[in-house]
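Read the single chain below, which is given as structure tokens and is the form predicted on its own.
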Amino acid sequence: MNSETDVQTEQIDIAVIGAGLGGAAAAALLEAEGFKVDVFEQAPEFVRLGAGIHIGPNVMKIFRKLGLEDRLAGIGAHPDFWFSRDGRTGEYLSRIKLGDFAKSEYGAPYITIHRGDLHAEQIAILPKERLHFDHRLTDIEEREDHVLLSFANGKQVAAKLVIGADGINSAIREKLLGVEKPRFSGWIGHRALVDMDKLRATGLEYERCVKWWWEQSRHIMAYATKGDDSEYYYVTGVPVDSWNHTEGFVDSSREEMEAIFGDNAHPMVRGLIDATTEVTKWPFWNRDPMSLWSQGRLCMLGDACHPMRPHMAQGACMAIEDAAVLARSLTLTGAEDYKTAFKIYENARRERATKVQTISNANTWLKQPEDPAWVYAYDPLTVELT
């Protein structure tokens, strides 16, 4: 390095871009294997963002390795079933066993939890001195023995390896494949907060995990996010012609929920809508399965390389699975042989991630009776690496 800027540049081993669920998991898993990892997040600080999220046994096994399984299991709700029901008649379309069955058959619990609660636990186990908020990546320059990363705050670092966990609009993806905006999928979702007092006042017994279905695969996925049932949340999926907003999400309303789902709705759906306090809506974006997950010293995981609609409740789980397999691959080969590690990682993950992406986008998961073992019994910590 010859320039004055290079002389002042900090040298690091592995840079993870993005401290979301996948990035935080990658950093923790790599740290557990003895790698030195720095995480760079564009947000100025940690905030309890999002709403509900499902964590299947396939990923709870990873949190067991990180020492978080019991903590998360103590916070989240443990549904005994994933129910699918007709949104008008209430007829049960499927009853998928979870609860104790998941523990015995799949090797770990199935929980539903607030995304912010999960994320807070993940962030808490990362070394604070290597977790860098307010670092928005602005430039990536590949060099012979490192990657020069430049950030909006003026900082530069030289990383031996870079892992892009920076979502559907990944800067790492743009570096590898060029600038390409994601496509609008033709679907939007609503996220809603529910007044628990009003919900209880209905006198109806709301199931801990239920997906209500209508024509054209419109749906409401409703579930508890706390083990004491003090939070209940729902998310929708609705086909629309277009998304005409520049914002990432916009406000919606109880009235909009009534207009979409209220016509002859089952009393439990009516009660859910009536108890709604705040609603936002946001677009679902798509990308085709990617031909490239890594190049040189750059590698991607999660939505950066396989974004999917949330209809299987497995998007975050796929990112965390990616993180586990990537950490194992680098441990197997050593960081110096990163090219082999990245190839092993992609070979182990591409088929599964593409299958989940395809089924998620089709929005058919568990609508009818089926065996979900291929998803939930999967163990990223023991899957064969070749």
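Please read these numbers as outputs of a predicted model, since none were measured by experiment. Each residue number is its position in the shown sequence, starting from 1.
Not pictured, yet referred to below: the form predicted in complex with a small molecule.
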Taking 4.5 angstroms as the cut-off for heavy atoms, does Tyr206 touch the small molecule in the predicted complex? no
Heavy atom of Ala313 within 4.5 Å of the small molecule in the predicted complex: yes
Using heavy atoms and a 4.5 Å limit, would one call Gly20 a contact residue for the small molecule in the predicted complex? yes
Given that the partner is absent here, does Thr333 sit within 4.5 Å of the small molecule in the predicted complex, heavy atoms only? no
Please determine, with the chain shown alone, which of 212 to 220, 129 to 137, 177 to 185, 96 to 104 has non-hydrogen atoms within 4.5 Å of the small molecule in the predicted complex. 129 to 137
Could you tell me which one of Gly87, Pro109, Gly167, Gly237 places a heavy atom within 4.5 Å of the small molecule in the predicted complex? Gly167
Glu41, Ile53 and Ala171 - do all three of these have some heavy atom no more than 4.5 Å from the small molecule in the predicted complex? yes
